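Below you'll find only one chain, the form predicted alone, shown as structure tokens.
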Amino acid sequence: MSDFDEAQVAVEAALAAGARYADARVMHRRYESMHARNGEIQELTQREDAGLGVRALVGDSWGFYAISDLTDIAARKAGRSAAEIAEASATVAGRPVEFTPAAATIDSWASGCEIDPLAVPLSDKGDLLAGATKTAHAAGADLAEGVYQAWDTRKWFVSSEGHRIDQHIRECGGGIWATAIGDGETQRRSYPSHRGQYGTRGWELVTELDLAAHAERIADESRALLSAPLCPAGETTLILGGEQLALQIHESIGHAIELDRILGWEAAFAGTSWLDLTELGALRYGSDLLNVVIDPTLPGALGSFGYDDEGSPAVRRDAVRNGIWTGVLAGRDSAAVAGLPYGGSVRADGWQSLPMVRMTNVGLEPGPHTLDEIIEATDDGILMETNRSWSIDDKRLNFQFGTEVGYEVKRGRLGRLLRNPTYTGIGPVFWGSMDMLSSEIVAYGTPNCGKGQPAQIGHTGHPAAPARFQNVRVGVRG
């Protein structure tokens, strides 16, 4: 049997067992990672699996069943079991689940990849990480670490509406970290971000990062931070680097606009959302400079795909336009409940997981400035770069973040290095204070977004650039 045939058998079995709709995904996954410390390889991880997950809809309830046995008999059982679970969960008086319309699609899609990351010799990848961490350790880092990760995922999707879609998605990335230990103080500097940089690309992404060229710099900066003055406390003008702003977007916009949170479906694990659907199209989320797009079509970004796990095609749409909240991340069922005409943001982290609303690429459109212009226009403030900690409430409204490094800004110039910088705020107030935004967009990749029970790990992208915010409380302790 082909992978499409296995999925088709499962769908037909679910329909025969009473489902009014069913879909199935066959997935083959390969994963590889390597970790180095102080010039030595510490760990190599390689995994591979395959399986099938089936969704079936009966009345007002979904059923889901997953198997790793890709045979005709097992696929039929999976389809029947998914329908039986849905039927057992359905309520007599429940309102049947409805969908936004979707055209039956037959297609094939693959992410761009110049160099297959899993085909690069392990010795080459090991030499890269060992060399970069050795350099950082020799330059003064007490602990120098490096990592790369690579995923190769193939999907075959079939639905009872006639979808028949296969996708091949390759993702990879990496980073390095330098930690300096002082008297009661530990400081860290990272490159290219606090978790590395990732995308739907091949090994060329890691090569372009040029990790070794930044190893000595981050070691020097980690040691310098040990003796730097503390970030002062008070209200000031805050400039955020693009990497930190990417996390700010992820936590205070991306999760907040997930429609399952807004509807209260995703309340148990990580909270809901402060947003109210009645205000969609009217609520001011930020200043006129704030333009946020949902764009899974973005080439090379980590949240990109051809079709989501309901067979909806990747489409670019607005989430915030000129500061006004205009769009959400949705699935076909949640969109129908909300009266919206689109889904397109439903994914699962594997064949064994039930698809749910997830971020794709959620990020900023470019502003009219450069970072240099933002600094030159700031008489008194602080520049903060590279995330170190984050905390946000269960409504995705009140937050507090810390970064690895801060710099005084005085009379349009960077001044002293500052350690342990932090800032806090309330989402729409904070975004409303943004008065300058750079055009220097980078699509930062987040490979570890957690959501759901049982927990799933999603891959998301966040185009971001440096920006300036007024009257922000900084230097928060505890």
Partner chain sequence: MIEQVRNALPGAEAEIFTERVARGLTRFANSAIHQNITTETTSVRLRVHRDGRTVALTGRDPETLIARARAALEAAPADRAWPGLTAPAALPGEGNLDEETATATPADRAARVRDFVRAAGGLETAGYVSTTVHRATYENTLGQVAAGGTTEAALDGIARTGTSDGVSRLASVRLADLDGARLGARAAVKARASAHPEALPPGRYEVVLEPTAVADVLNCLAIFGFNGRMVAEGMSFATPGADQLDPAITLLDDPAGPGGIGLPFDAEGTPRDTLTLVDRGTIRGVLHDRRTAALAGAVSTGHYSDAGFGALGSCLHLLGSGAGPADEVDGPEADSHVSALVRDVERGLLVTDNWYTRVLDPKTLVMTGLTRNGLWLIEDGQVTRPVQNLRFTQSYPRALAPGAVLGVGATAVGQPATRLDLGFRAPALRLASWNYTGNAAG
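As the structure is a computational prediction, the values presented were derived from the model and not from experiment. Numbering follows the first chain given and starts at 1.
Keep in mind the form predicted together with its partner chain is missing from the figure; the text below concerns it.
Its partner chain is not shown here, but in the model of the complex it comes within 4.5 Å of a heavy atom of G452. Mapping the unseen interface onto this chain, W351 counts among the residues with a heavy atom inside 4.5 Å of its partner chain in the model of the complex. Residue contact check for G94: one or more of its heavy atoms lie within 4.5 Å of its partner chain in the model of the complex.
Although the partner is absent from this view, W431 stays clear of its partner chain in the model of the complex, with no non-hydrogen atom inside 4.5 angstroms. Heavy atoms within 4.5 Å of its partner chain in the model of the complex are found in exactly one of 389 to 397, 153 to 161, 341 to 349, 307 to 315, that being 389 to 397.
Taken together, the three residues M34, E40 and T179 all lie with some non-hydrogen atom within 4.5 angstroms of its partner chain in the model of the complex.
Interface residue among G140, G300, G323, G126, judged by heavy atoms within 4.5 Å of its partner chain in the model of the complex: G126. Checked against its partner chain in the model of the complex, the candidates D379, E185, D372, D276 yield a single residue with a heavy atom inside 4.5 Å, and that residue is E185.
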